[in-house]
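One chain is shown next in structure tokens, namely the form predicted on its own.
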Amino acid sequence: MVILKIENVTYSYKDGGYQRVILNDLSYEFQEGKFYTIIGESGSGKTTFLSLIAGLEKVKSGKIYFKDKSLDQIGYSNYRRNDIALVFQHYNLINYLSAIQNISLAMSKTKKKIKKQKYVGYALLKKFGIGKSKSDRSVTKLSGGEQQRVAIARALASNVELILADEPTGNLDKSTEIEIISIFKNLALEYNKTIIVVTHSSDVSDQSDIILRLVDGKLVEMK
């Protein structure tokens, strides 16, 4: 089933007196339950593309559909709040909250009602290797790898079907990167989530179901 459809999307901006085209009549369909990675040279438009499919920016022309409804129909704020979750290189956790409080906050913001939020939160964190004692700590007292696992647990806690990640292993050592890759693969396989990751890491892209390279403003399927 197609969960995200990109239809004839073009995006450009003025660079001095020159109109720089980042995405050029780009079309692609993302299937549910797949782990995708997007690679490409620096400046190729990977982050711009992620911003557009996350509803953080609006396309200049073309359409983006989530489950057959355009983002304009859904409403950009509704789409960001209820339909997707974002995982960043720098975790973007709320530093003055504990891990469990970050998870609970994500649950409270979604339209999907989740009963026994704290119980579910602790269970999720435990699944990602964060026990109760660490769950109750400020996230600033956790390692980088632990903070990223909290960020992914937070994404899963919001009970969305589409998880987008921007260089999620960029600040992590090799062994922790392998752990994070394993989590993403498991989310697609076990939970039927669609994972789209922008990355420079060949170790990450090699483990994905489908590798897409952004070249000349279009997505080219490599695997």
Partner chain sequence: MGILQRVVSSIINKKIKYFLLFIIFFLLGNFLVIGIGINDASKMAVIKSREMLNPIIIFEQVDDSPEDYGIYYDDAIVEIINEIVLDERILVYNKITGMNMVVQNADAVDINVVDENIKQIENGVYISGNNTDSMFEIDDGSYEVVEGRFYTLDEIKNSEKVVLITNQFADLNNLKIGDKLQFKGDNHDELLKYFEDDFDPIIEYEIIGIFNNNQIIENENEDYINYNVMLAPAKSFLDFEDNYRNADLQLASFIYGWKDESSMVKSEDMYDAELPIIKLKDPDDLASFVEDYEEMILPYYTMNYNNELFENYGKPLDIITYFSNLILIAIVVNMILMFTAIIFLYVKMRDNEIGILLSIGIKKIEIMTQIFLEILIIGFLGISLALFSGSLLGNKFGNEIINISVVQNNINEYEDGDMFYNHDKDYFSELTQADVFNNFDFNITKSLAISIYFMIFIIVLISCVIPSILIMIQDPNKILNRKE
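Residue numbers count along the first chain shown, from 1. Keep in mind that what you see is a predicted model, and the values were worked out from it rather than measured.
What comes next is about the form predicted together with its partner chain, which is not displayed.
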**Study point:** Non-hydrogen atom within 4.5 angstroms of its partner chain in the predicted bound form for each of Asn92, Leu105 and Ser108
**Key:** yes
Exercise for review: Flag Asp166 as yes or no: does it have a non-hydrogen atom within 4.5 angstroms of any non-hydrogen atom of its partner chain in the predicted bound form?
Suggested key: yes
Check your understanding: Is there a non-hydrogen atom of Ser135 within 4.5 angstroms of a non-hydrogen atom of its partner chain in the predicted bound form?
Key -> no
Point to revise | in the predicted bound form, Tyr119 touching its partner chain (heavy atom, 4.5 Å) | key: no
Review point. Do Leu86 and its partner chain come within 4.5 Å of each other in the predicted bound form, heavy atoms counted?
Key: yes
Exercise for review: Work out which of Glu57, Glu179, Glu32, Glu29 lies within 4.5 Å of its partner chain in the predicted bound form, going by heavy atoms.
Suggested key: Glu57
Study note, to complete from the structure: Checked Thr47, Asn159, Ser70, Asn192 for heavy atoms within 4.5 Å of its partner chain in the predicted bound form; positive is Thr47
Practice item. Counting only non-hydrogen atoms, choose the one of 180-188, 32-40, 49-57, 62-70 that falls within 4.5 Å of its partner chain in the predicted bound form. Key: 49-57
Review point. Heavy atom within 4.5 Å of its partner chain in the predicted bound form: which residues of 68-88 qualify?
Key: Ser77, Arg80, Arg81, Leu86, Phe88
